[in-house]
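Next up is one chain by itself, shown in structure tokens, the form predicted on its own.
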């Protein structure tokens, strides 16, 4: 896919997006079929593996990839499919659920900062620090003055990470209300998927519009050149994965990472 096609999904700083007006079922940026896309994914998987191995060997950059989205938007599936071929060495997935009592006794970014990548690491956030705006706002867990100032704290936090060598890519997986209903019903109908169901999922569904409003604010107010948001149409799982993979391969290639120089000239050495 071309750079221009992929740029369509980036939230430009200062822009005003409205998720109600964005088609979660869109896939026409791609001219091929689902079968061709799955074949292309194999090549992208291998290329992403090469890029990650180079980053891990170089050990001078940090990569943070954030996944957010409504319940059943496919965060787990996207992580599994996009990073299918990536060597687990140097790659970590951090999950952020409800904070523990210990975590609540610190500032809201304390638990997040501990999971941020070190040099040579690629860390994937399955949910993230943005939950501390989204959840507390929609469910009225804290007064507005608390979650409102967190917008500034998060922007400053991500800027600090970037200044210290962290490259940040944030993906909002955008599904429709009807697609969420279908996926949740599929889980209900399949006993093997009951473990994935949280009773609160059904309560949260009743607050769909409030969550969308909150996400609109997050996307509009925290997308920066150094930490951009991408809105990924996610009704079609294959298209979701294809777009995310293309964006990551394109952006990581731009970093022009290289393996470190060898400590000596090994040419001509015969190992006995």
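Keep in mind that what you see is a predicted model, and the values were worked out from it rather than measured. Positions refer to the first chain, counted from 1.
Keep in mind that the form predicted together with another copy of the chain is not shown, yet the notes after this line are about it.
- Proximity to another copy of the chain in the model of the complex, taken as a non-hydrogen atom within 4.5 angstroms, holds for one residue of 155, 188, 136, 109, which is 188.
- Checked against another copy of the chain in the model of the complex, the residues 181, 113, 127, 159 give one hit for a heavy atom within 4.5 Å, which is 181.
- Contact with another copy of the chain in the model of the complex, defined as a heavy atom within 4.5 Å, is made by all three of 57, 87 and 92.
- The closest heavy atom approach of residue 269 to another copy of the chain in the model of the complex falls within 4.5 Å.
- Proximity of residue 205 to another copy of the chain in the model of the complex: non-hydrogen atoms within 4.5 Å are present.
- For residue 21, no non-hydrogen atom is located within 4.5 Å of another copy of the chain in the model of the complex, even though that partner is not displayed.
- With a 4.5 Å cutoff on heavy atoms, residue 146 does not count as touching another copy of the chain in the model of the complex; it lies far away.
- With the partner left out here, another copy of the chain still marks one of 136-144, 163-171, 99-107, 193-201 in the model of the complex; by a 4.5 Å heavy atom cut-off that stretch is 193-201.
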